[in-house]
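One chain comes next, on its own, written out as structure tokens in the form predicted on its own.
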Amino acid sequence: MTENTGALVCGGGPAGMMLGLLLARAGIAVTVLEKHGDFLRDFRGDTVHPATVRLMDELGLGEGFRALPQSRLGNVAFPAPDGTLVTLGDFTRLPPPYNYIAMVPQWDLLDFLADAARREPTFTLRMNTEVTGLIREGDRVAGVAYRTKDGREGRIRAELTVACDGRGSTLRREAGLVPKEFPVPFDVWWFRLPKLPGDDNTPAGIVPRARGTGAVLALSREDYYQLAYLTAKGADARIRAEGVERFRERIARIRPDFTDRLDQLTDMDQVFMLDVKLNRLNRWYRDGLLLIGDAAHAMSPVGGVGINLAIQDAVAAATLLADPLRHRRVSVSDLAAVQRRRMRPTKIVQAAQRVLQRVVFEGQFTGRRSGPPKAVLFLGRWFPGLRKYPARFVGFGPRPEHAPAFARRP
């Protein structure tokens, strides 16, 4: 069976759900395919930056967004050798009300966007539907083949197919597009620990703690902590072979304040390893196919900017492609325009991540240094006026997008 739609969005992550919502508000028939049955997957990026919070307001979704379970981060700080904290990025110095990072569980954010999109008559979300390949007409991509959870197979034809299926993108592989990879010195091991009575539920900022060749970052949730252990890339097999008791010792050495609950970590199956990648495509499109978000450019977790760049891609794509989609004439030059708009901010952010990895992280994970360089701490401590610049860069990025007029609601 072959079906038809105007725009076909493959992947129900932040980029896919935002793009589906925006195109539906433009009156375009849009179908989003998501291979899972829900959005409940642990340890996805949860940082919603000021640019995205502002976008929610522009879409008329700000009140509902702020009602989602969340905590607010006001700054990014690092411990100095004397035990004091040095703030390097202060979001509270940004103009309110966009002067914080919202920590929102990604499944709540995606459910929220899906609910908003379902209110549009031209929007369709199909869960448990996995894309298996591309439909081609000569050199043009004309849609996808799919398989549902119960084994049913089908095809959907579309004027435009958009790959939002993440850094392991099936459509990218099917299209023969290969990203350029950049070196990353670390991987991340995510796990959760319970909160105990008296724990603070509203942390003021992100404070990574480092010791030896590892570092630990703790994020506060409603009833648990989400922790990240960072160390040199390629260590997963060794860490798992050493076992959970040794892993608990690593965490306790860096964060002794969590020793009283580390016994809740009983098996290494509770620890999820993120193979950190930093890459981007030189070309984000083929005729009839566009790639955005992680499918076009995987970001390092440094700065937590991945979700927000993906959403900015979606806004730019909707803004530039809504009119061609209405007329069912999406050309290669239209797709190239999306890449031109979003490539420069992507390159700038990735360049900043590579510098931070080299300056801050490589020394840590090779054992040459613990924590940021002294010069960075000196600037953060004695020149507080500089703190707004990293906050502005992380919070809004080099080219923040605004909601197109057709998508705005009071």
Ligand SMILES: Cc1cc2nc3c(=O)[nH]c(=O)nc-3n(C[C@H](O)[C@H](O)[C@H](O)COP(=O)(O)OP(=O)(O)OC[C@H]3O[C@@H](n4cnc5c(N)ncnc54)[C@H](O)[C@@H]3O)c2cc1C
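Since this is a predicted model, take the numbers as computed values, not measurements. In this text, residue numbers run from 1 along the sequence as written.
A second form of this protein, the form predicted in complex with this ligand, is not displayed here; the remarks below concern that form.
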*asked:* Can you work out which of L33, M56, A26, V349 has a heavy atom no more than 4.5 Å from this ligand in the predicted complex?
replied: L33
*Which of these stretches, 92-100, 151-159, 128-136, 263-271, has heavy atoms within 4.5 Å of this ligand in the predicted complex?*
128-136
_Partner contact for G12 in the predicted complex: this ligand, 4.5 angstroms, heavy atom_ = yes
*Look up in the predicted complex whether L289 has a non-hydrogen atom within 4.5 angstroms of this ligand, and give yes or no.*
no
*Please run the contact check for G20 against this ligand in the predicted complex: heavy atoms, 4.5 angstroms, yes or no?*
no
*Give a yes/no on whether P179 approaches this ligand to within 4.5 Å in the predicted complex, heavy atoms considered.*
no
*Run the contact test on T47, Q106 and G304 with a 4.5 Å heavy atom cut-off to this ligand in the predicted complex and return yes or no.*
yes
*asked:* Heavy atom within 4.5 Å of this ligand in the predicted complex: which residues of 141-155 meet that condition, in order?
replied: none
